[in-house]
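Next up is one chain by itself, shown in structure tokens, the form predicted alone.
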């Protein structure tokens, strides 16, 4: 029986964490991770369904593997994650050489499913109940908890880690497939999260990022007390060894005063707030069913600036949503100019089967207009980002050194190389340094900047 595996991950940080946890569970079951699909006895795609492009990429990759399966019939090909939950049996119909389809709520079963396949039991599929497939409790229970203990060697970097604090989403934005493929919103018990973070600290982790689809919706009952995200941060803040806490992604209506005060008052909580707006036009926000107005979003921004004036705020925007007029788009432009986000992730609207927008609204903005709006908004945001970055030149910032830059990863000799790290506000910094600096927090003086990257030099000998 083959015992090596390869995982290709597409999508959000939740998927990245899921792949890390899958790798850890497979390694405990005796499998070995390899660097390329060619080396692997089992090839997995951990998938995303947020945009059509992500799904098209996976189906193309599966198509290219057909001849590999023909030559090596004992190789296992598996589709994991959100696309597996969404398409289910359709994956087998489109790619009959696939052996395994596993939704995000059944990833804990992966080692056992592989045993069944190797035992001659044929293709395997395990997915959760549809949101309408049972009571809320039944649907929640069908999304099994999957947060196994991670040993330091199984994590991509020893000094950084993501910790899931909640599952699923209950917002049901009309464009979004996530509530269908990730299930109902569920918060992990505070005791489990604390135990995981303590273990990470014992392993030498310096930075923990708490993640959830709407992370600031966190609510968990412990005894007679209900813990909000601000309470959880205060409890975790006392764990020795962790130098930085981040949390993503936030929902605007849950960016509460108590949470902002926690960011202000807890010195190890990074003043980095990713709060997607999606549009600056109320008519579009209403069709998106975002649950707030642009005026409320502006009020939230004003409170952030008042309580945490040095915070770096980032956002997401969808251009070309159903019915978006040119005036609507210009309202989004006005919000971006006014808000001066550190950066924004800007996407062209992509209809998703199974969402309300695909059911209720016509995709009536042309691809040409979507591209033009995307490029225009991106240019405006990039100009703002570059202006903010250039203002940091000659300043000395504290950087967590993450590792070699992409260019330096190809370097095979020498201990001095181009390193990359991040500031407390999640700005990327590139600078020359010794390999031994990886995993350290140290001061770097910024010497130049562009919209996306700061460049500098170590301010003290490392």
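Everything quoted here is computed from the prediction, not taken from an experiment. Numbering follows the first chain given and starts at 1.
A second form of this protein, the form predicted together with S-adenosyl-L-homocysteine (SAH), is not displayed here; the remarks below concern that form.
Visitor: On the criterion of a non-hydrogen atom at 4.5 angstroms or closer, are 175, 290 and 350 all touching S-adenosyl-L-homocysteine (SAH) in the predicted bound form?
Guide: Every listed residue reaches S-adenosyl-L-homocysteine (SAH) in the predicted bound form, so yes.
Visitor: Check whether residue 278 has any heavy atom within 4.5 Å of a heavy atom of S-adenosyl-L-homocysteine (SAH) in the predicted bound form, and answer yes or no.
Guide: Judged by the heavy-atom cut-off of 4.5 Å, residue 278 is in contact with S-adenosyl-L-homocysteine (SAH) in the predicted bound form.
Visitor: Taking heavy atoms and a 4.5 Å cut-off, does residue 213 contact S-adenosyl-L-homocysteine (SAH) in the predicted bound form?
Guide: Residue 213: yes, in contact with S-adenosyl-L-homocysteine (SAH) in the predicted bound form.
Visitor: Using a 4.5 Å heavy atom cut-off, state whether residue 51 contacts S-adenosyl-L-homocysteine (SAH) in the predicted bound form.
Guide: Yes, residue 51 is a contact residue.
Visitor: Against S-adenosyl-L-homocysteine (SAH) in the predicted bound form, would residue 388 count as a contact residue? Criterion: heavy atoms within 4.5 Å.
Guide: Looking in the predicted bound form, residue contacts with S-adenosyl-L-homocysteine (SAH) do not include residue 388, since no heavy atom lies within 4.5 Å.
Visitor: I need the one stretch from 359 to 367, 175 to 183, 106 to 114, 299 to 307 whose residues put non-hydrogen atoms within 4.5 angstroms of S-adenosyl-L-homocysteine (SAH) in the predicted bound form.
Guide: That would be 175 to 183.
Visitor: Check each of 209, 230, 249, 88 and return the one that places a heavy atom within 4.5 angstroms of S-adenosyl-L-homocysteine (SAH) in the predicted bound form.
Guide: In short, 249.
Visitor: Scan 194, 126, 316, 328 and let me know which has any heavy atom within 4.5 Å of S-adenosyl-L-homocysteine (SAH) in the predicted bound form.
Guide: Of the candidates 194, 126, 316, 328, 316 is the one lying within 4.5 Å of S-adenosyl-L-homocysteine (SAH) in the predicted bound form.
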